[in-house]
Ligand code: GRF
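Only one chain is shown below, in structure tokens, and it's the form predicted alone.
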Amino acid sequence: MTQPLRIGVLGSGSGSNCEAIMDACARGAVPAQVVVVLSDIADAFILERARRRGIPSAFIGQSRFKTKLELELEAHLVALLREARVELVALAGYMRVVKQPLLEAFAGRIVNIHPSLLPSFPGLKSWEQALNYGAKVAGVTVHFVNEGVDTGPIILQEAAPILPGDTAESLHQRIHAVEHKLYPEAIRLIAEERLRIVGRRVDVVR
């Protein structure tokens, strides 16, 4: 019998997407298991979510920078993931730009979820960007991670409407609901080896 895909989750905040992934794995909807949860924030609630489920979790250490890790911390992160025999790295609200050696160690095996329909509105607070721009539709993208910021090949996307009277908070909540469905689905396709990357295009094999 095929062993479940071993997932390591990196996050900086509440970890609701991590919770959605762990739930989907626990109920058998995704043939995978979260084997470690790591955070760059010592008191991030994502670590508590992992502890409540008995999943190993750790604070990776203090960084001097806000948007990236020092080389030695990134190497420490890779060591922790390798120690847990991680096969896929899932970023879930991880607020650092991924650099070497993580990109090299897990080339083609890092995924991220972004709260917009990329390539529109990359970067921070994408739902606010969309709302302020006057867009009629927002959404969610799950993509592979490369050396750019929100530029990797797109796995799945789903729209979320922007409704009259929406605030940044109400739109964000609607986007969260889509995220919690779409991220586990993308990981399921990876675990079932149903994705084929051709250049920038990611095809789902039926």
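Owing to the predicted nature of the structure, the values given are computational and were not obtained by experimental measurement. Numbers follow the displayed sequence, beginning with 1.
Just so you know, the form predicted together with this ligand exists too; it's not on screen, but the next bit is about it.
For this ligand in the model of the complex, the listed stretch (102 to 110, 70 to 78, 128 to 136, 88 to 96) containing residues with heavy atoms inside 4.5 Å is 88 to 96.
Among residues of the shown chain, residue 184 is not one whose heavy atoms approach this ligand to within 4.5 Å in the model of the complex. Contact between residue 176 and this ligand in the model of the complex is found at the 4.5 Å heavy atom cutoff. Contact annotation for residue 53: none of its heavy atoms lies within 4.5 Å of this ligand in the model of the complex.
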